[in-house]
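To begin, one chain is listed below as structure tokens, in the form predicted alone.
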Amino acid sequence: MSAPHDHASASTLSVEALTRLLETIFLRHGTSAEVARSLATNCASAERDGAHSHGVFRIPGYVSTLNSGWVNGKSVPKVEDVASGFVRVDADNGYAQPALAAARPLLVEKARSAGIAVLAIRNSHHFAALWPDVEPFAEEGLVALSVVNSMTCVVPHGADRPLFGTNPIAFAAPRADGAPIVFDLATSAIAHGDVQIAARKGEKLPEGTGVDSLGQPTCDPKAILEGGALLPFGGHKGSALSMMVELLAAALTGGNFSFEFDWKNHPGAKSPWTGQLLIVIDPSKSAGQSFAERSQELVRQMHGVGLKRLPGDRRHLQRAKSLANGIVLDEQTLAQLRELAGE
């Protein structure tokens, strides 16, 4: 599928229309209605907010993965209440988003009761942006942190072969005046989807992004994708955080490490079969001034020292534009989506 906005001719869809189209695609390629709704909402949200590497760009990968038999498109997550502040979910070899949706009411109940709760998702696949998993908690006044590991494609600092995944971390916190503070970052120097988009556009990547098949530094995204690997951001610091994500998302949940699954017998499989951890905190249990007001004070101070844009600001600006004016897709991309939907 082409990168967004590559063509002069384009069409505009409402967020709701795009979501319905994506639901149709997922249903046509073997998911249940619940799974289709969850995945379509996630992808449409990413496209709505300008996160193109995790929006409709991902749809062919979802389709090829479902068609390969690698993932269970009709998974029925099993929620387990294991402790006062701990929830486990077996995702039934399905995607993590439906597993999170199934466990969410119990997770929120425990967080509000105990002040903090953990959700450990195992036997799961994650192939999307991570911020949509945490932002809704902040909209309810909660603080949320999530980590997920992926497939081996990152060389640990000081090593000579890839072992870790891109292993993102997402965080969301409420504030008194304005949208929640939300960030979502890969512990690799760049997200894997952004490398794919750069390769399709013929663009070069910044130095320090990755290595080629011989382990030599390269700025060529195709060299990274074709036998090469990514590097962690910040050298040993990003590498340590990536290791932490492996431990929290895989070892603690019972999911696979980034290197523990083998999809060779499933040509077309794209989604890593790993695990995910979420930590949700109820800040109303803390002492003193409300957390949302303290968050707002921090934002005021950040602006006061000259910071122009907070994490998530650009995403919220694009969201407002998309909700007001619709989502713009080039004609080739829209035609491919409609073809996948059988229209």
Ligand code: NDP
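In this text, residue numbers run from 1 along the sequence as written. Quick caveat: nothing in here was measured; it's all calculated off a predicted structure.
This protein has a second form, the form predicted together with the ligand, left out of what is shown; the following refers to that one.
- Using a 4.5 angstroms limit between non-hydrogen atoms, Ser53 touches the ligand in the model of the complex.
- None of the heavy atoms of Trp273 is located within 4.5 Å of the ligand in the model of the complex.
- At a distance threshold of 4.5 angstroms between non-hydrogen atoms, Phe257 is out of contact with the ligand in the model of the complex.
- The ligand in the model of the complex comes within 4.5 Å of no heavy atom belonging to Val143.
- The putative spot formed by Cys43, Lys204 and Ile224 is not touched by the ligand in the model of the complex; no residue has a non-hydrogen atom within 4.5 angstroms of it.
- Just one of Gly61, Gly30, Pro283, Gly312 comes within 4.5 Å of the ligand in the model of the complex, counting any heavy atom, and that one is Gly312.
- In summary, among the residues Pro232, Pro180, Pro168, Gly94, the only one with a non-hydrogen atom within 4.5 Å of the ligand in the model of the complex is Pro168.
- Only one of 235-243, 124-132, 205-213, 82-90 lies within 4.5 Å of the ligand in the model of the complex by heavy atoms, and it is 124-132.
- Residues Asp184, Leu185, Ala186, Ala191, Asp194 are the members of 184-199 with a non-hydrogen atom no more than 4.5 angstroms from the ligand in the model of the complex.
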